[in-house]
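What follows is one chain in structure tokens, specifically the form predicted alone.
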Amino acid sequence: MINPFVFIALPMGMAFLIALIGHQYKKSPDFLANLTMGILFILSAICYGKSTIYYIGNWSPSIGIPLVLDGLSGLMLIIINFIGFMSAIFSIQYIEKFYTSKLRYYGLFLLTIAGLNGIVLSGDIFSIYVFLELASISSYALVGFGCGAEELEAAFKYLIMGTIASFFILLGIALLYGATGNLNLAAIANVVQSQGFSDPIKIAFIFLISGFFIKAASIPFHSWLPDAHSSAPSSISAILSGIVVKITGIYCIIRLVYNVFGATVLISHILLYIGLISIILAGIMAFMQTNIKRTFAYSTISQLGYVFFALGIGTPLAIFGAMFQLFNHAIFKPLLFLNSGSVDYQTGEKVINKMGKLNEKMPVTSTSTLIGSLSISGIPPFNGFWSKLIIIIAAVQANLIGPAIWAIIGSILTLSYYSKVLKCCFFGKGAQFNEEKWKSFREVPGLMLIPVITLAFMCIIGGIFIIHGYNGFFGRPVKDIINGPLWYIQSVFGSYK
């Protein structure tokens, strides 16, 4: 069995190696970063479906720092390292045109990946905080990587909101340690299950969940995300939207709610209605945007609202839909952000009304954007249709007819603003379209097309992941979530030798 520590040590070590030798060997940052991400993706695929507990330094469970590989963390590892690999391939030629220091870029990129891998593997809440800070600080720097006024302002806003979130999380951890005497998640779960929700634990939970909601950019904690995602390099926007928001926010909420504290009726209602509000309000704000990347950024808030909505329903079918939607969003949203980078690469434009007829000049980019747009809008037979259909069926089965209707309206709203993007940018033309400038456009270089073709293909065939249902691809993570705290306690402490 592969030691889970490799998912943290390999990208972290390679980040420092790139910093050491990147000046002497100009092509080494590209080669080493892509090699690292390729290896990590292969290892994550090998580990999927397997379970292991590794205690760093072989300390006892009561004081050791555990790395827990289970179904949920295994799924998150695949998402992190696959999307990281796609973004790294795209970066080879994209970063070369717009930015100067690849060794710093890839160093920060790999540190972000190391932090995200550490979050999903950690079975210790303070270690989660440490890895969260590693991923967050690296991503702050990547958002401001261009060093322009817009980028620095977005990075500063991201830093401030991230710092507030981190303060809430650290305060929650301190209160939780004072109340339980433990940092091990399974040990905390054991105390909560045996002694119940005492007042200090309730307060600690409120601080923790508030901090992670800010990290997840759910409404009303979303203000930092549109600026950060639209100002960052598009390859970084892809991982911010595709994995960073999910891991630093949604994953942590899932782990705490379902495997540590337990999902109460109140918590389920909070998740459900925050999800619904995010779906509708962020969808309206996305429709109002004129910048293509800001449209996609608000869309992220809206689409991840479906995950919270499904988690709030809480039935096994809804949890299945939540995992499927989480996975699908990690496919079609990086696809869309990478394509926005391709458009910027050739046209130098982000304003929708200044573009037009790109399908004639950039056919691969246009077709893959069409596929991603139809998928995220829930149009059959693309992957996004199946995850949204499952969530809506789960809502109807739970007698939540009104919320199910609002979720359908949210999908119609999604189709409307993506139709606007497709019409103005690719298959029509905007009001400020420049015919002379358009004549010089052409398709992006081949390496930038590899990840978008791969992701578009996955949007087309993604429906196969529902085959076999609970015994299929998402079976393990779904079971790990619905089995609750008692299962998590047993799986962690029962596996230690």
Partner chain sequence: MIYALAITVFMVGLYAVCCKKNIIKIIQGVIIMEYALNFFIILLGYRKGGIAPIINKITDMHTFAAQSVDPLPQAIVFISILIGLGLLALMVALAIRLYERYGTFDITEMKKLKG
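Residue numbers count along the first chain shown, from 1. All values derive from a computational prediction rather than experimental measurement.
There is another form of the same protein, the form predicted together with the partner chain; it is not shown, and what comes next is about it.
*Asks:* Non-hydrogen atoms within 4.5 angstroms of the partner chain in the predicted bound form: do 159, 163 and 294 all have one?
*Replies:* Yes: each residue has a heavy atom within 4.5 Å of the partner.
*Asks:* The chain here is shown without the partner chain. Which stretch in 241-249, 122-130, 76-84, 335-343 comes within 4.5 angstroms of it in the predicted bound form, by heavy atom distance?
*Replies:* Flagged stretch: 122-130.
*Asks:* When the contact criterion is heavy atoms within 4.5 Å, does residue 231 count as touching the partner chain in the predicted bound form?
*Replies:* Yes, residue 231 lies within 4.5 Å of the partner chain in the predicted bound form.
*Asks:* In the predicted bound form, does residue 168 have a heavy atom within 4.5 Å of the partner chain?
*Replies:* Although the partner chain is absent here, residue 168 would touch it in the predicted bound form, with heavy atoms inside 4.5 Å.
*Asks:* In the predicted bound form, does residue 205 have a heavy atom within 4.5 Å of the partner chain?
*Replies:* Outside the cut-off, so no.
*Asks:* In the predicted bound form, is there a heavy atom of the partner chain that lies within 4.5 Å of any heavy atom of residue 140, even though the partner is absent here?
*Replies:* Result yes; residue 140 sits at the interface with the partner chain in the predicted bound form.
*Asks:* To verify the annotation, which of these, 402, 380, 178, 220, has a non-hydrogen atom within 4.5 Å of the partner chain in the predicted bound form?
*Replies:* Only one option qualifies, and that one is 178.
*Asks:* Just to confirm, with a 4.5 Å cut-off on non-hydrogen atoms, which of 150, 199, 360, 96 contacts the partner chain in the predicted bound form?
*Replies:* Contact check passes for 150.
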